[in-house]
Structure formats: structure tokens, C-alpha cells
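One chain follows as C-alpha cells, the form predicted on its own.
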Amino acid sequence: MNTSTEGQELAAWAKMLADSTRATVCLALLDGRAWTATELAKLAGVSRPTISEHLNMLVDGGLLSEVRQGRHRYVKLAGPETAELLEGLAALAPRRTEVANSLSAASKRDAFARARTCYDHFAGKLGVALTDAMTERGLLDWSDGVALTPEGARWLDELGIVVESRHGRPAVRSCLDVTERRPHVAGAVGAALCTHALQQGWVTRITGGRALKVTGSVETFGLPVGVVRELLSRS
């Protein structure tokens, strides 16, 4: 493939996100769930026929995948790599200072920044703090990209965390956090950590978005006491 063809294909791919409705849809799907067209139309503030056109474009372009259940059609992100790319792009975009016009809006904003999911792994202060703690303990090696060390593998085994391997997905990957502007751990290990914490009840999902409520049991991940206190103080 020559560079001219590659450039055309990249431009066509980028065009899919060069629309506020489609971008809004993709960011909403970072919660890892499958959504209906009706739900996404309401979220984006557009009509059902309009959202269907946008969803068809995103599915045809490979950013979203379609799930059929009876007569119902759901869409979700094509995979974790797509989610990590979207989070990274969002983190690089210029950010305006968000002014909350109500206590409820401020609480939602703070909860989102404090702890949330990025598709299937942790993000926000929790995700970055966990990454820092793993690095300081020698569980992650950043000398050539990022990799899980033998000590890290033993630590996961001690916690009873099983990392599900999937063809084409790296064990560990760095994902640029959209609010912290620093990397958090993604990949199969990041997904396994998040799944384990949800199963153990160390974090629970807050209805209506990607934010998570944190319990003190996340200390088991080796997070500093001060960080845990900060995560708990407003949960």
C-alpha cells in the first residue's frame, strides 16, 4: 500500500469522528455497554432517523459493531483498541474549564474525574494512582513502552486475578487519561484488574455513566492510604 492510499484511508476514518453527534456517540460507548439507537438519539439530542444514519456510518467504518437481539439493534465499540484510541484522542483535545451550574452537575463531574471505566479498565484518579502504585512496586516496567514484570505476574496470581488473553490484544498497554492527562494501564491486565474489583465490590458502578464509587478495599491493590482517603472522601 502506498502512502497516498494510506492517507486517503486515514482521512476517511478521521471523517467519521469529525461530527459532534458521532463523537458524542463514541464517547458514550466508552462505558463498555451496548446501546440502542433510541438511547443514543436521546443522548445526542437528534431524531431517530438521524442517529440511524450516523450509526450506519460508524458501523460500516469499523468503529462500532452491531448486536442483534430479536427485533432490537444494539451498537457498541468495535473493541478495546478502539476505546483506548478514543480516550487518547479525547485527552489530546483542548479542554475548556467546565463550570458546573448546579450541585448535581458538580458531583457528576467530580465523580467522573475521580474514578471511572475507560471501556473495560480503570481511568481517572483511580486508574492513574493504580498505575503509579504498580510502577513504584516494580510490577510494571516502562523502560521500553510498558510491560508487566515477573513480580507483577506473581502479584496478580496472589490476588487470584486471571488475565484473559485475546489474539491481538497486548497484556499491558498505556492509555492516556482524558482528565488526568497521564497514562493509566489498559490492555488485558487493565481489564482483569477492573473486572476483579467490580466482582469483589471494591468499586461499584454509578447509574447513568462511567463513574465508579470506590470502597476502602481498593487498598488491596497497594494504593497509598492518602490516595484511598481522597477517593473515598467524596464517594
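The numbering used is simple: start at 1 and walk along the sequence shown. Fair warning: this is a prediction, and the values are worked out from it, not measured in the lab.
Below: the form predicted in complex with the DNA, not depicted.
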request  = Although the DNA is absent from this view, report whether residue 70 comes within 4.5 Å of it in the predicted complex, heavy atoms only.
outcome  = yes
query = How about residue 184: is it within 4.5 Å of the DNA in the predicted complex, going by heavy atoms?
reply = no
ask   = Heavy atom to heavy atom, is residue 57 within 4.5 Å of the DNA in the predicted complex?
value = yes
inquiry  = When the contact criterion is heavy atoms within 4.5 Å, does residue 19 count as touching the DNA in the predicted complex?
reply    = yes
task = Heavy atoms, 4.5 Å, the DNA in the predicted complex: which of 71-79, 128-136, 158-166, 115-123 makes the cut? Say which one.
result = 71-79
note = Answer key: of 200, 65, 36, 204, within 4.5 Å of the DNA in the predicted complex (heavy atoms) is 36
